[in-house]
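In the block that follows, a single chain appears as C-alpha cells, in the form predicted alone.
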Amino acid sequence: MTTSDRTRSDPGQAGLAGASAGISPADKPKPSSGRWIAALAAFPIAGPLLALVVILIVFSVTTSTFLNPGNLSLIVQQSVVVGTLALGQTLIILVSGIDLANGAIMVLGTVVAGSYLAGGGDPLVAMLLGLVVCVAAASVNGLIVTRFRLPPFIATLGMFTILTAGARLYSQSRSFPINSDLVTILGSGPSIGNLDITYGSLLWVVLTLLLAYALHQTAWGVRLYAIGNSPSAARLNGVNVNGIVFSVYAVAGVFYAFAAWQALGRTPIADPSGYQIANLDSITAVVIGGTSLFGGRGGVFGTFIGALIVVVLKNGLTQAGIDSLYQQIATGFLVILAVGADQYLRRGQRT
C-alpha cells in the first residue's frame, strides 16, 4: 500500500504524520496473506458495495416485483431519513462516539415545528425552530461528552429517554398534520417515466457529497479522523480535541434537522411516537457501511451504501413474502458480521 493510498483512506493519519520522513510500517513488504486485508482496509467501501450488489442480484432473480421502477423509487424514499440521520451518526462514530438520541432529536424537531404550524405560525419560522431545536439538543450531547467527560453511550442514552418523554409531554401526545407546501416539499419531486425522484432523495445525495468534501478536503476533517485514531496523539500534535468533538455533535444536529424536514416531507404529520428505532437503524447503516465503531476509519459514502443495504434487505424480504421478524434477524446478522470484519481487519493491520 502506498502513501497516497493511505491518504485517501485515512486523512487523519496522513495529516498528522505527513511531515514524518522515512519508510512507514505500511510501506514495508507484507506477507501475501495480509495483502488483501490491507487492500480492504484501504478501501473500506468495497465490502459494503459488494454486499449491496449481491443483495440486488439475489432479490432481482428471486422476486418478480423487486426491479419495478415504483419499488426502486420506494427503496430510495425509505432510505433518505435514516440515511441523513446516519450521516450525522457517522461523524460522531468517527471520533469514537455514538449517538443514541439522534432519532429522538429529529422527532422533537418535527413536533416543535408542527405544533408551531398548527398554531398558525409561518412555515419558514417553523423550519428554523426545528433547526434550532435539533442543533441545541445535539450540542448539549457534545457539551456533556466534552465538558463532563461522560461516555457518549451514557450521555446520549440519557438524552434519548429525556427527549422521547419530553416530546410527548410538549405535544400532550398529540400529532400535528402538516399542510404547508414548503415544509413538505421534500416529499415531492420530478418523475422520469415510472421512476419518482423526490427532492428529499436529491438532498440526501447533496448532503453526502458536501460531508465527504468536509471530511477529506478540510483541516476540520483531517483533525476529526486524527482524534478517532488516537485522541492523545492528536492532542500532542496541537489539535483542540474537545473543540473538534463538540463541533462534531453540533454539526450532526444540522443533519438531524435536515432529516426532520425529510421526515415531514415523506409523512406530513409530526408524531411524537414516530421513528422510535431510527437511532438503531442509523447505527446499523454506519456500521454496515464500513465505518469502524472504534473511530478513525470509514466515511459517508460507505454510510450511504449501508443505508441502502438496510432498506433493500427489508424491502427484498418483504417482496419475497418473508416475515418481518426474519428481516430483523437478517439485519442483526449483518451488523455482527460487519463489526466482526472490522475487528478482524484491525488485528490484521497490526500484524
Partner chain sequence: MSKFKNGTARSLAIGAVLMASATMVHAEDTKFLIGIVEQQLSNPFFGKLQQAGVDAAKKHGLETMTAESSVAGDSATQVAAIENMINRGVKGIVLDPANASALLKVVKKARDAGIIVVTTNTSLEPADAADASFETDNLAAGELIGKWAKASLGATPARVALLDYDLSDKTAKARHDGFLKGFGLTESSPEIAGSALTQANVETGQSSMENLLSAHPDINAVYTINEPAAQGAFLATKKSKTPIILTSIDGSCSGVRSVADGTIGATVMQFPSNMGQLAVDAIVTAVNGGAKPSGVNNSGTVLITDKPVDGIESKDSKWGLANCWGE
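The structure presented is a predicted model; accordingly, all values stated were derived computationally and were not measured. Positions refer to the first chain, counted from 1.
There is another form of the same protein, the form predicted together with the partner chain; it is not shown, and what comes next is about it.
A heavy atom within 4.5 Å of the partner chain in the predicted bound form is found for one listed residue only; from 74, 143, 132, 182, this is 74. A single residue from the set 208, 78, 247, 115 has any heavy atom within 4.5 angstroms of the partner chain in the predicted bound form; that residue is 78. When the partner chain is considered in the predicted bound form, residue 62 lies well away from it, no heavy atom lying within 4.5 Å. Contact annotation: residue 217 falls outside 4.5 Å of the partner chain in the predicted bound form, judged by heavy atom distances. In the predicted bound form, at least one heavy atom of residue 267 sits within 4.5 Å of a heavy atom of the partner chain. Residue 343 falls outside the set of residues with a heavy atom inside 4.5 Å of the partner chain in the predicted bound form. Here the chain stands by itself, but in the predicted bound form one stretch of 311 to 319, 285 to 293, 298 to 306, 49 to 57, 311 to 319, has heavy atoms within 4.5 Å of the partner chain. Residues 266, 267, 268, 269, 271, 273, 274, 275, 276, 277 are the members of 252 to 284 with a non-hydrogen atom no more than 4.5 angstroms from the partner chain in the predicted bound form.
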